[in-house]
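Quick heads-up: it's one chain on its own, the form predicted on its own, in structure tokens.
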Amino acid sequence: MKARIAAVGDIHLGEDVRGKFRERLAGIEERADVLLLAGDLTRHGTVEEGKVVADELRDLPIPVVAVLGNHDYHSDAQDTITALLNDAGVTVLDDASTVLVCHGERLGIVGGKGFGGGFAGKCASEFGEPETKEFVRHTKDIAERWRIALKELQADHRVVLAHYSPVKDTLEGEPKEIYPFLGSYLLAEAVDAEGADLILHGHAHLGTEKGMTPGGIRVRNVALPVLGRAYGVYSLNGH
């Protein structure tokens, strides 16, 4: 597929940087066909910060698809932030899918925040106190919604967009003690079960860009501090 996918997460915008992120997106239409945002668009999830993000992304010359991150939920204004982004022309996915046509082919995107729990051999289990069981069950529910969305998606190529990581490869550089709060292997299991061409996530600021699921699907950590640039550009043919 010829589609060029620009992606970045953890941009953490606030009023003090208004206009600056938009400046870094100048000419993006010459380098990419779509922009995917991997959550943590705001600092504290306030409505005011949501307005800044919406203004920075409004009327971009290419489609923009986003998921929210944990920071975007902090002030319990995630629904308002989503509405602001929708009004600005941004498609916000919450364990759902969308399809874009790029170069005559259908690019399907399944997106959602994801959640934590850890990775095979060192992960939380649905056992013990109700709070622990609820934590693990939340990730299981999200993974199942991703699996269903991928199964039902009618597209030529499929990308999964998330905030939390599905693999520990891209967490390398983060303290291992916090891996359970950075992602879950359950997310990778769901994607491997139905198949995808690429998984993009953020959240791990000290992590590593490149990884792979046990099933061989490429994973890229596109957190801004990891990329060190306004966005990365990825293709679905391995480049």
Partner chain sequence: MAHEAPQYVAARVQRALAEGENTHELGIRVDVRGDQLFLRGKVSTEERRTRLAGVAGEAAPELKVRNEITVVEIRDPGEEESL
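Small disclaimer: the values here were computed from a predicted structure and weren't measured. Positions refer to the first chain, counted from 1.
Although not depicted, the form predicted together with the partner chain is the subject of the following passage.
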Would Gly216 count as touching the partner chain in the predicted bound form under a 4.5 Å heavy atom rule?
no
Is His71 close to the partner chain in the predicted bound form, meaning a heavy atom pair under 4.5 Å apart or at it?
yes
Find out whether any non-hydrogen atom of Arg22 is located within 4.5 angstroms of the partner chain in the predicted bound form, and reply yes or no.
no
Would Leu206 count as a contact of the partner chain in the predicted bound form, using a 4.5 angstroms cut-off between non-hydrogen atoms?
yes
Members of 28-47 lying within 4.5 angstroms of the partner chain, judged by heavy atom, in the predicted bound form
Arg31, Arg43, His44
